[in-house]
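The chain that follows stands alone, in the form predicted alone, written as structure tokens.
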């Protein structure tokens, strides 16, 4: 087994953790939720939920990981030996593996669209919906792209913490932010973009229904990679002088900025085309936007080509940074718990995810009518169970564990770096209150709603 390493710099800590949080949920799911939730009103609730729900849970995972310097499963075993809390550690490991099995399928779609954008194929699509259905429903092509993306992720993980995860984060995250900045400028220059900006910046409080508020809570929770084991595992590689609260604030700020800027990319572009509405739903990225690009830049094909290439490169980078963080928890568990080498542990996770991923990938084609799991396809089952059961359940358990079970002295020592940092008493009291009361109730509401009970 390799000697355990830490991230080599504070910048590496922030960028790696931000890469874990920033993913397709920011660029794909967030604009969809904003469009369906009425724009600026949704964003206001979302930001509030990030502060009150996301940050405390992120700091909690940081505390558990940094204090123990162990993988997620063994961290809970150390903190609560011979207790039921250990199940949360295993749930985190299992959840990340579960998500990776189907997330790699969508990541493969982003690579396909990037390749098509580069060769100019997107501009020739006359029916985006039919094109996407034909591609996702085919037998071999989606499998090839899913495998390529998974192997790229594998190459990062197999190189370890500093040479793999940290180095790739230092490359991909700045590139991702640069592409976002460029796309925002281009989107603002499109005709009719002002309507999109108004939609995003002018709150319509009449849109704030209970459903929209709960959706914003759910999006804030899922966007930050809470309860996947990723943040806890990454925190186990933090140095002892890393400032947990400051790091969590930086990660949340980057994650929220990427999400909102993605809205600034999408909606000015969407409003520039009369036939497209902002509530186009999840098909916005793979069905609606190729049509938008071809129409909006019809008079300047080169500009349309550049915009589409940069957009799908952004999607691929976001997918890869998240895949790397999702791959690491089960890899770290196998590596440390069973004393395997990193190459062996990484290969086991990759191969198992590819085998199960095949079932998820073919759920849109040859296995579309195969619904052995509660009437759901394999892809829908993995998506439903992870997003609507594992993640909210894990979030509730984490908040209760740190708020009620974990020794308060451990919490204070980690927040203050063993007394070297001054953290006001009121802040610690508020942190504990949120974990004990507000977060379990709020996330419990999301949990119940997602299961369709309210």
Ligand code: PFF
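Positions refer to the first chain, counted from 1. What you see is a predicted model; the values in this text were computed from it and never measured.
One more form of this protein exists, namely the form predicted together with the ligand; it is left out here, but the text below deals with it.
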Using a 4.5 Å heavy atom cut-off, indicate which stretch of 152-160, 166-174, 371-379, 218-226 touches the ligand in the model of the complex. 218-226
The ligand in the model of the complex has a heavy atom of only one listed residue within 4.5 Å, and of 363, 322, 308, 346 that residue is 322
Using a 4.5 Å cut on heavy atoms, which of 332, 251, 230, 266 is close to the ligand in the model of the complex? 230
Exercise: residue 76 in contact with the ligand in the model of the complex, heavy atom 4.5 Å: no
Should residue 326 be counted as a contact of the ligand in the model of the complex, where contact means heavy atoms within 4.5 Å? yes
Close approach of residue 432 to the ligand in the model of the complex, 4.5 Å, heavy atom: no
Residue 24 within 4.5 Å of the ligand in the model of the complex, heavy atoms: yes
Triple contact flag 20, 99 and 103 to the ligand in the model of the complex, non-hydrogen atom at 4.5 angstroms: yes
